[in-house]
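Presented below, as structure tokens, is a lone chain in the form predicted alone.
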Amino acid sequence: MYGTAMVQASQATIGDSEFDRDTALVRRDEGVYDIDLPAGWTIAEAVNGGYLLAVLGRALADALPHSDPFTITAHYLTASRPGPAVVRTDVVRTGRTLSTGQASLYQTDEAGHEVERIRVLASYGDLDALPDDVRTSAVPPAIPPVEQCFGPKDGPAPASGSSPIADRLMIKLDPSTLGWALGAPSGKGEMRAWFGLADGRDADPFSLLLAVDALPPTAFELGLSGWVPTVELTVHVRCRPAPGPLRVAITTRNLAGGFLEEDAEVWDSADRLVAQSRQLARVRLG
């Protein structure tokens, strides 16, 4: 299942961790929420897209009659920066088993104008009410035991591209996807890792929204470097994750015209596929 080095007492619990505090919103009015985006979730000075998706996901969980995201699609319009932000939600439809809503996050620019940073459309339901039958050809990714994998702090110096968000995550990368860090990218467009929150908090549906966008970009293993900004990201949450570390596998099959796709699978400690995602991202060529 997973390496014995991973088994440890949780230091934080769901609802009482840095991730929960930093994604918490203050309800100002019906459908309107305030939040101060902290610098600790940034990559290259921009707030991480998976963290932002979790913030908007929590806002919609409050605005809708159902609490669990089933599918959520985000379009990233402009880069979000640390600091005050407001989230506005709209209820599109409510039903017995599914509710649909949309939300946008706004920040004020240097000229005092309100700028929309990210817009999402999502359907919510009750994960605990889903039937437990599974018919799948998907299999968990083959990742070495955690003690044979490597994170940003395992080298003599911080890994290229590391950012403040790395201190908030437990990421141990499969050595076969680490060629980029050694100056010898494989060219395969694959990234695999053990994943968790650094304070030991177990995963829930909202941290799954973070997990799909937290690993180094597959572009690194294609021999590219620099920021890989997300244009669009869709996440499907399939079931509530079991306690314990997650395994994340991300693959890129096609880079063309300066854009690539990343397909991610997230597996829990019970060998269940708990989340899937696809995103379109820009890359710098040359």
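A residue's number is simply how far along the shown sequence it sits, counting from 1. Note that the structure is a prediction, hence the values are computed from the model and not measured.
Note that the form predicted in complex with a further copy of the same chain isn't included here; everything after this is about it.
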| property | result |
| --- | --- |
| Listed range touching a further copy of the same chain, judged in the predicted bound form by heavy atoms within 4.5 Å, from 145-153, 85-93, 173-181, 195-203 | 85-93 |
| Listed residue that, although a further copy of the same chain is not shown, lies within 4.5 Å of it in the predicted bound form (heavy atoms), from S186, T108, T71, S163 | T71 |
| Proximity to a further copy of the same chain in the predicted bound form, single hit among V32, L255, A242, A44 (heavy atom within 4.5 Å) | L255 |
| Joint contact, Q102, L260 and Q276 to a further copy of the same chain in the predicted bound form, by non-hydrogen atom at 4.5 Å | yes |
| Contact of L222 with a further copy of the same chain in the predicted bound form (heavy atom, 4.5 Å) | yes |
| In the predicted bound form, D268 touching a further copy of the same chain (heavy atom, 4.5 Å) | no |
| is_contact(E232, a further copy of the same chain) in the predicted bound form, heavy atom dist at most 4.5 Å | yes |
| Touches a further copy of the same chain in the predicted bound form: R58 (any heavy atom, 4.5 Å) | no |
| Partner contacts in the predicted bound form for 104-125 (non-hydrogen atom within 4.5 angstroms of a further copy of the same chain) | E116, R119, V120, L121, A122, S123 |
